[in-house]
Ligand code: 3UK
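Here you get one chain, nothing else, as structure tokens; it is the form predicted alone.
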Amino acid sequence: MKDHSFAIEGSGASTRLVFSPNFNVAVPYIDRHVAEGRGAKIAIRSDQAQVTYAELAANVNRAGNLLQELGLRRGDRMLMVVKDCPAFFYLFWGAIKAGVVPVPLNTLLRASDYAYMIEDSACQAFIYSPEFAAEAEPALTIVKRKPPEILKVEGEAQTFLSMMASVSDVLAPYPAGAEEECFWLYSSGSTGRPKGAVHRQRDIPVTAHHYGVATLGIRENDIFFSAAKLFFAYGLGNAMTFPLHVGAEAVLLEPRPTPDSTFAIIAKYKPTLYFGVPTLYAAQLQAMEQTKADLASIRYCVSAGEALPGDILRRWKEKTGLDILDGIGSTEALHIFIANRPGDIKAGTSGKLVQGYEARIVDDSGQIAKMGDSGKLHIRGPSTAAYYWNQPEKTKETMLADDWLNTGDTYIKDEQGYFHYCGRTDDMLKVGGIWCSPFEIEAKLVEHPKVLEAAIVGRADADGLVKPEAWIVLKQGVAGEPAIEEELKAHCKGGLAPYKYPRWFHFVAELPKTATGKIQRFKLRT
């Protein structure tokens, strides 16, 4: 087998990827396309720029050379607070090709968060887009140890892009192996401080093949558009690694996505695959009550980040004629490992296992749960992170024996093999002595025509007994008032077991979420 290559062996559930002993993932994802004659093809397109595969390869090499000239060596971390733009590709792949470890960070965080990750990672470089200077720069004033290299991506004076222009566009790939450290992703922190998940060289091709090719059917003539951003696992696959896996085109949106901006991108660039999150699909549905959206180019819509309520799927299908393929993935597994797929969709579920992955549902005693009973979801597959940086106890809790990964989610598997989401393990409520899923109540609430979003947490009543408490975002033009509370209580009582209706209601402008769209219920409990 040639250096820096991989092969697909087996078929169906037994399919696996086999890697050459010397394997740097930047070669098959960047260099290969020029070698195969794709140099003139557009790789990246946005309102600000377009980049061919040949230009991408040259700039990746320049970025890698510059990092080495700046003194970064094998295994050094490079933190990136970078918008969705071509420079993200140059930095990420240039670092990998040069043996440096890129660490994309959530661009929506605050200075204290960046300061924590700068110190936690002991990074050698911190590179940021000028749009995020208001939080990135104060972070550098409060850390005990500043990274040796601090650069803006672009702008005035000396920047990474301006320095990159004068270095060589030829770079030999750093020798590596499929099991070696490649990049980190900090978890989104749905239950507290983020943790640095250490991913290996193998992980990108594994997810791109098992989910992208075998489940979603991606191909070279696809045009990918992900409203989910590059800095977290879901968006990293959708908008970068999946299109590069098959030599397709990625369309990028620099600002934070809105219904209007996503509809404009879809109308202009005609993507064939669209990746969103449930909260955005809900907002787009509301927007389509007032405006038309041209979605004719789209072959499949995909959702992840938070479980998709069945009612949103139903309304999206009625409005657009398109299905949404919901799935569950994680930062630790890199992308989706359970999914609905074309021709096999069950509303209100996360779908069935993706090729290459195994799952088990265990009860509180650690035994395999009975069919139809809820329990902790563990998964096993060849893309799971090696460990959490600097977090041996969290690693032990999550990365279990025999390569099982504790997802932190509670699920039920039905007799047909579909997985039903019941909430985060630590979000489950025990109401009247019976376990209760917050997601089930939230899904019922968003069926109401006046509700845009909902979150459920547990709250003790006067007797110290836990009951559901609702935090509601109403649709535009609807005011929170006692009459609405009574409507929503009646709505829940009419469609759920009697003990599951919310006892308290709070009407808010927005819910706290991670970058992936996961509701941070722990913030609502404080």
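Because the structure is a prediction, the values reported are computed rather than measured. Residue numbers here begin at 1 and follow the sequence given.
Just so it is clear, the following notes concern the form predicted together with this ligand, a form of the same protein that is not shown.
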_Exactly one residue in 442, 203, 76, 306 has a non-hydrogen atom within 4.5 Å of this ligand in the predicted complex; which is it?_
306
*Which residue among 91, 456, 98, 233 has a heavy atom within 4.5 angstroms of this ligand in the predicted complex?*
233
_Can you work out whether residue 356 and this ligand are in contact in the predicted complex, taking contact to mean some heavy atom pair no more than 4.5 Å apart?_
no
*Can any non-hydrogen atom of residue 335 be found within 4.5 angstroms of this ligand in the predicted complex?*
yes
*asked:* Although the partner isn't part of this model, could you tell me whether residue 224 comes within 4.5 Å of this ligand in the predicted complex, counting any heavy atom of the residue?
replied: no
*residue 110 near this ligand in the predicted complex, any heavy atom under 4.5 Å?*
no
_If contact means a heavy atom within 4.5 Å, which one of 253-261, 416-424, 146-154, 361-369 is the stretch that engages this ligand in the predicted complex?_
416-424
*Partner contacts for 320-355, taking this ligand in the predicted complex and a 4.5 Å heavy atom cut-off*: 326, 327, 328, 329, 330, 331, 332, 334, 335, 336, 350
*Tell me whether residue 363 and residue 499 end up closer or farther apart in the predicted complex, going by their C-alpha atoms; the shift is 3 Å or more.*
farther
